[in-house]
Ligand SMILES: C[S@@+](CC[C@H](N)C(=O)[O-])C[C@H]1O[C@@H](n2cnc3c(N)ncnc32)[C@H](O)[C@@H]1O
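Presented as structure tokens, the chain that follows is alone, the form predicted alone.
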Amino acid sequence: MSDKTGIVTLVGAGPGDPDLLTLGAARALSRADVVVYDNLVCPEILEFAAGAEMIDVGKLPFGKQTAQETISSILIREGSLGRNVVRLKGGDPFIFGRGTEEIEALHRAGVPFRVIPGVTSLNGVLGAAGVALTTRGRNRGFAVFSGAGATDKTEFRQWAEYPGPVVVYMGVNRAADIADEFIHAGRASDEPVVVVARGGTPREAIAETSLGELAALLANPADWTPAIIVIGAAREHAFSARPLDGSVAVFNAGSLDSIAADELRALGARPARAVKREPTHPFAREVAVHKEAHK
């Protein structure tokens, strides 16, 4: 063990879009000796830590898993070696993350730590998708829960009783149970639902459906993971009416930080680098190609 104990910084990377990374997060990454990152962190964000050692501890919903005990052990080991460690977590470390377990492990090991919060899917993904969770004169609040932890599907019914929009994290695999319990609790089967998959990334897909049709939409969970589900709210018309809404603007040259990229964003497109992409999501509409970014 080194004579000098390092510092471990838990950093919220936001929902995916590098534009949503905070200044504090970018600064911490630029000073890092090692970055321990999740699968949900986009590659562009890792570029802020040029020169740092990268340790992938991602957890894929239908693939590899890194045990939480292993992650905590890595943080303790690297911090004890005197290194400046960034634990980079998707979204915010304390909102449906395992941040609490990690800081407790660091505390017990005597390794100094700090936390830089991140933008969450609640405002980062939903706001960018045009879903307003509160609107003056329409509603004054909303409820949020995780669908991953419920062992009895009747647990979903208590959330259905909230008189306003309900946001569901990690609910894709339980979509049928959630919809069923919400309808049994008195929610209308035609109540609007918005699903945003892979929010904040070039593969983002936005679908508008109803509570009664939610299970059918998410029949193939792998196509929609990760996703956030909003029951009782619809996209604002001003968003869906934009001419390039739902499209991807592929840049063959130029910067995603350019004025041209911002102009495309204002039209509803999501600029992306021209790299080999995975197959287009069934709910991602046209693909717009922008050959050069103007200065």
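Don't overthink the numbering: it's just position in the shown sequence, from 1. Everything quoted here is computed from the prediction, not taken from an experiment.
Keep in mind that the form predicted together with this ligand is missing from the display, and what follows is about it.
Colleague: Thinking of this ligand in the model of the complex, which stretch from 165 to 173, 128 to 136, 74 to 82, 186 to 194 has heavy atoms inside 4.5 Å of it?
Modeller: Partner-contacting stretch among the options: 165 to 173.
Colleague: May I ask you to check whether P202 falls inside a 4.5 Å heavy atom distance of this ligand in the model of the complex?
Modeller: Residue-level check for P202: no, no contact with this ligand.
Colleague: So in the model of the complex, is this ligand close enough to E102 to count as touching (4.5 Å, heavy atoms)?
Modeller: Residue-level check for E102: no, no contact with this ligand.
Colleague: Should G232 be counted as a contact of this ligand in the model of the complex, where contact means heavy atoms within 4.5 Å?
Modeller: Answer no; every heavy atom of G232 is more than 4.5 Å from this ligand in the model of the complex.
Colleague: Going by a heavy atom distance of 4.5 Å, is I95 a contact of this ligand in the model of the complex?
Modeller: Yes - in the model of the complex, heavy atoms of I95 and this ligand come within 4.5 Å of each other.
Colleague: To verify the annotation, which of these, V36, A227, I45, L256, has a non-hydrogen atom within 4.5 Å of this ligand in the model of the complex?
Modeller: Comparing distances to this ligand in the model of the complex, the residue within 4.5 Å is A227.
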